[in-house]
Ligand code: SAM
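Okay, here we've got a single chain as structure tokens, the form predicted on its own, with questions on binding and movement later.
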Amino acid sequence: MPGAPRHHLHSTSAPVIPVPPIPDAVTQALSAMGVELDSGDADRLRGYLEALRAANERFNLTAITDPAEMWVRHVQDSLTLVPFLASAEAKRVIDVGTGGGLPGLPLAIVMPDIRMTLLEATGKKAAFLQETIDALGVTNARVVHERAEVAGQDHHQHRAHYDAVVARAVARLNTLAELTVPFAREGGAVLLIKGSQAAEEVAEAKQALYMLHAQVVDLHKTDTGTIIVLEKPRATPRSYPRAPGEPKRKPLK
């Protein structure tokens, strides 16, 4: 909960093995991408992984709990977006369907100049995120507890408000595009971390992207996945996103 002391992050019925310091291989992989961690970043990232792992004992946040694998699959994978956000000179960023805070919270930790919004519909997950950013002192991140379909129609605070939109493992692209593209300003970027089926999802979502006024500008393979880069050259039609649940029940075709 907001303002909770740090030791609450680790409250669990079973002892949790501490997450080790960042592995050299991850540091080297980040360096190869041009991502150099500042003093304190690695400790905050480690604290985040410890919090994620501890909370996972109480409710499901991640299927990946091996510490070494968490560094790669959670931290390294999330930070593959850093060069794209830097290139776009993004200042206002939203992570749609952030879940346990991926990729948005690691990005906020290593990019203090961005203002990160963590959008999450599930109350327990949103509370965990607020507790964690408070405990770790991540002052450039905020939590919004709301469905993407509702926030995406909020013209005052969210719709067409962000320089960049990020998401990871939320839904297939024909659904995910409807949940993310409306948040981007005209000329903004949508950066989606996907797996081995990225190209297939792009082909499947061709009509949906056309309807949303978005276009694919890059499919960038990384050591941990594939980043689908979308550009939004003009405003999304007002009818999107549709009512809560509709994008998943009836994906655009």
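Because the structure is predicted, anything quoted here is derived from the model rather than measured. Sequential numbering from 1, following the sequence displayed.
One more form of this protein, predicted in complex with S-adenosylmethionine (SAM), exists but is not displayed; see below.
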{"property": "Touches S-adenosylmethionine (SAM) in the model of the complex: E178 (any heavy atom, 4.5 Å)", "result": "no"}
{"property": "S-adenosylmethionine (SAM) contact in the model of the complex: Q153, any heavy atom under 4.5 Å", "result": "no"}
{"property": "Residue contact check: E149 to S-adenosylmethionine (SAM) in the model of the complex, 4.5 Å heavy atom", "result": "yes"}
{"property": "4.5 Å heavy atom contact, L102 to S-adenosylmethionine (SAM) in the model of the complex", "result": "yes"}
{"property": "Candidate stretches 130-138, 94-102, 79-87, 155-163 - the one whose heavy atoms come within 4.5 Å of S-adenosylmethionine (SAM) in the model of the complex", "result": "94-102"}
{"property": "Complete contact of R172, N174 and L230 with S-adenosylmethionine (SAM) in the model of the complex (any heavy atom, 4.5 Å)", "result": "no"}
{"property": "Stretch 120-148: residues contacting S-adenosylmethionine (SAM) in the model of the complex, 4.5 Å heavy atom cut-off", "result": "E120, A121, T122, K125, E146, R147, A148"}
